[in-house]
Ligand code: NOJ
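A lone chain, given as structure tokens: the form predicted alone.
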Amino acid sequence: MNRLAKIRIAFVVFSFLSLSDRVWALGVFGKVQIDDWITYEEPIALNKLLRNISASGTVKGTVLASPSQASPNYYYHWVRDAGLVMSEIVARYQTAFRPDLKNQYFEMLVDYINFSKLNQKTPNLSGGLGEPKFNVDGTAYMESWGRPQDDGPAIRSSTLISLAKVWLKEGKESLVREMLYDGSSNSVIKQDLEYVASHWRNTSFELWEEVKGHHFHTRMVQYRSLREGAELAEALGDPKAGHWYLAQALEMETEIERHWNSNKRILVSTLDRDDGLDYKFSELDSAVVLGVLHGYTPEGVFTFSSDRVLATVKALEDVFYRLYPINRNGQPGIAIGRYPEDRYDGYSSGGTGNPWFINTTAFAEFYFRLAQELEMKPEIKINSINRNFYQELTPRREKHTAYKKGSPEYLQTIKAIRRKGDAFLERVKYHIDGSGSMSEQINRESGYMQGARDLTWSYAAFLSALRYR
């Protein structure tokens, strides 16, 4: 029996143990190394993700949020979720060496483009492109919901802009013009960019679909789409549009900066709330970290090593460590929820909310990308805003103001950051079942999975973290 088969059997047996028995088993038999587990889990996660794209009974190009049709019913195509999932397919298409895989991903992307065009043309209750989700037959969802959600068009356009760049490198400019961007108002990317450029000042519902206002995550992904859209427009001979998109992005920078709360020393998720939930008093929200991941641009106002981002990450880790009992069971990593006051799915039983897989793996990806960004800098600067973040990684009594590249402090810090990223993956490994499935949430007390099963975004977030590991 080969090593991978033994690991698979071990995980199946492990999945049937209670939380206390899992701790005992790990102590007696030792841990499966993270690299071995990733070798086991990555193809499973990819296959489960692919199964939710153009699934049986859906229109081609549909990306199911989850196969779950009851308690909860996530059997819909969410524009935001789909954009993030298909971003992973773009990455897989770009790096695929086998012609059959390359063609498989190509067909998926073409189907997604066509379904996106259908979504853009379908009359809906939002009255525009801010519609959150569609039925799996392509028709509009006609019941009440948090509308509009303006992160969707931004994320979708960024995903398709990434594909356009790949196709341009492959010499497929005619395909880009035919399917993605031809300078006319009918092209799929142009429609999204025009919507973002014209609506970014408006309030909308955030990615959790609970609060209407101006959101850090929404503005970060809008900012990225406009910056990248400006470059694409220029490259394809549409300079007037490119100048317009860039001008809007630059105006947005001041508004994004407003999210820093100097008193709380965190980036707050929402400003100018005008509808939705009003009990998020801490103003801490993992959506900020997702905003940095999904909205990253090298010239952006907030990157992974930004002092204010690091301070917010540290504050979020501290609050979720204290909040969830499973984080104090002696296992590596911290299970990360949405926000401390979360009342979704579990609040009535006491406590507050649960950790989510997408957030826990997002923190892993954040640390991997932080290490990559710091390795491009001549030094790691320490100041009053980021000191607590770095001090936890490599605690010392000395009051350094910088770690020079190549110094022992610098090397130890980079190593600690990567180790911290792996710890979040260890936490994910501890809570999934033997089949390798990932649901929406992790119960804060029992540690077992709950919420929508096989959440497609959970797999996409995990696979994205692995790409940056």
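These numbers were taken from a predicted model, which means no experiment stands behind them. Quick note: we count residues from 1 along the sequence shown, nothing fancier.
In what follows, reference is made to the form predicted in complex with the ligand, a form of this protein that is not presented.
Asks: In the predicted complex, does residue 65 come within 4.5 Å of the ligand, counting heavy atoms only?
Replies: Yes, residue 65 lies within 4.5 Å of the ligand in the predicted complex.
Asks: Does the 4.5 Å heavy atom contact test between residue 459 and the ligand in the predicted complex come out positive?
Replies: So residue 459 does not count as contacting the ligand.
Asks: Within a 4.5 Å heavy atom cut-off, is residue 81 in contact with the ligand in the predicted complex?
Replies: Although the ligand is absent here, residue 81 would touch it in the predicted complex, with heavy atoms inside 4.5 Å.
Asks: With a cut-off of 4.5 Å between heavy atoms, is residue 163 one of the residues that contacts the ligand in the predicted complex?
Replies: Residue 163: no contact with the ligand in the predicted complex.
Asks: Please identify, from 385 to 393, 93 to 101, 207 to 215, 106 to 114, the stretch that has a heavy atom within 4.5 Å of the ligand in the predicted complex.
Replies: Selected range: 207 to 215.
Asks: Which residue, 244, 145, 296, 141, has a heavy atom that falls within 4.5 Å of the ligand in the predicted complex?
Replies: Partner contact (heavy atom, 4.5 Å) among the options: 145.
Asks: Report the residue, out of 167, 74, 320, 134, that has at least one non-hydrogen atom within 4.5 angstroms of the ligand in the predicted complex.
Replies: Only one listed residue qualifies here, and that residue is 74.
Asks: Between 430 to 458 and the ligand in the predicted complex, list the residues on our side with a heavy atom within 4.5 Å.
Replies: In sequence order, 440, 455, 457 come within 4.5 Å of the partner.
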